[in-house]
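The chain below stands alone and is given in structure tokens; this is the form predicted alone.
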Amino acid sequence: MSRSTYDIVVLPGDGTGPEVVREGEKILTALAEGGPAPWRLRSFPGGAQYYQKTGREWEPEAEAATQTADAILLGAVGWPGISLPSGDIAGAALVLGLRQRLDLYANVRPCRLYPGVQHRISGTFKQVWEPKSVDMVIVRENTEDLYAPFHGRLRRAEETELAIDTRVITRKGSERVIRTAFEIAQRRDRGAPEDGVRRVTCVDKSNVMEGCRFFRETFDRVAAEYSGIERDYAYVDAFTQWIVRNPEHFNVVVATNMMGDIITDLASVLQGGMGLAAGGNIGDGHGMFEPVHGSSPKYAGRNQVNPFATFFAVEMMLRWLGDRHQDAGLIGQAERLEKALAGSLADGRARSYDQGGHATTSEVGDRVAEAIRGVRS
């Protein structure tokens, strides 16, 4: 059921995270103009830089707030040279930790090319793919595989002689992320760009790896429940060339955690780069949404990075909340935001450096906020 106010926890994090989150909050403010905001934002510090100052990745009240929040908006975490005693990146509690604690088992990454967006290929800006050719969703398993906490080192005489990472593929983890992919394919109002077919592509390395064979077997079992959706297969090495050569073939893609991590960053090139790539970490009871470009230390404090990925993360968050709570108002706001984003990309007035433009982070936010005011809800 819809609510009068949704509790959204904001974790700005490190580096450029606070800069893009600030613009995301600006967009939410623009959406709420003319009436009471249907959301309440609560912001908490945390991450590697916070750990360097305090010895804590975040405060207990921040962690508690994430357990009860309706949604979480994350900026980015990580900073060069700052790590935990275990060797893990400082700030991991805000990403990997929340994925485990909140059981955010599906990492959902839309990959859509909007008119007006160009690609930086071979150091130049150009239009390589037609916008109508790129419109897919990649669903990556988010809680197991090589990211499961089963690893270690053998040290003798203070020297590392062996390092082990254990790959974990479970029936439960595979079934639920694959089912998520099929449910997304069922809900999408369009199929693959080349033929309109609703299909789910299983990406793995089942010709070599036992865990991938099990993942594909599970894919076939789940696929049998969805008679109206075509099943498709690709070995991950072949997929990396097919997705660049023929992106129009793909509708929904599902993969294990590590392989999904790699192919989603590759896919971001199809949509204009990491500055436009957003992701949702989604479970049965919780959702966390983020730009996926990381903390970008090189650009921190320069008011230069592209905040569009954060805007698309906000759009995903509102749409997820609207669907989850059957709230037509929130879904309407998500659609309003998407129209404003598409219009801003098409007219080129909000083009940052990575798109060949000169607009600063805050200028992009101002122009998109202006565009929102021109879109009727």
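Just count from 1 along the sequence shown to find any residue number. Everything quoted here is computed from the prediction, not taken from an experiment.
Below, we refer to the form predicted in complex with 3-isopropylmalic acid, which is not included among the displayed structures.
Q: Would R109, Y147 and E290 all count as contacting 3-isopropylmalic acid in the model of the complex, using a 4.5 Å heavy atom cut-off?
A: Result yes, every residue of the spot touches 3-isopropylmalic acid.
Q: Which one, D261, E194, D103, E175, lies within 4.5 Å of 3-isopropylmalic acid in the model of the complex by heavy atoms?
A: Contact residue from the list: D261.
Q: By the heavy atom within 4.5 Å rule, which residue out of I82, A300, L96, L266 makes contact with 3-isopropylmalic acid in the model of the complex?
A: Spelling it out, the residue with a heavy atom inside the cut-off is L96.
Q: Please pick out the stretch from 213 to 221, 163 to 171, 139 to 147, 111 to 119 that is in contact with 3-isopropylmalic acid in the model of the complex, where contact means heavy atoms within 4.5 Å.
A: Looking at the partner contacts, the answer comes out as 139 to 147.
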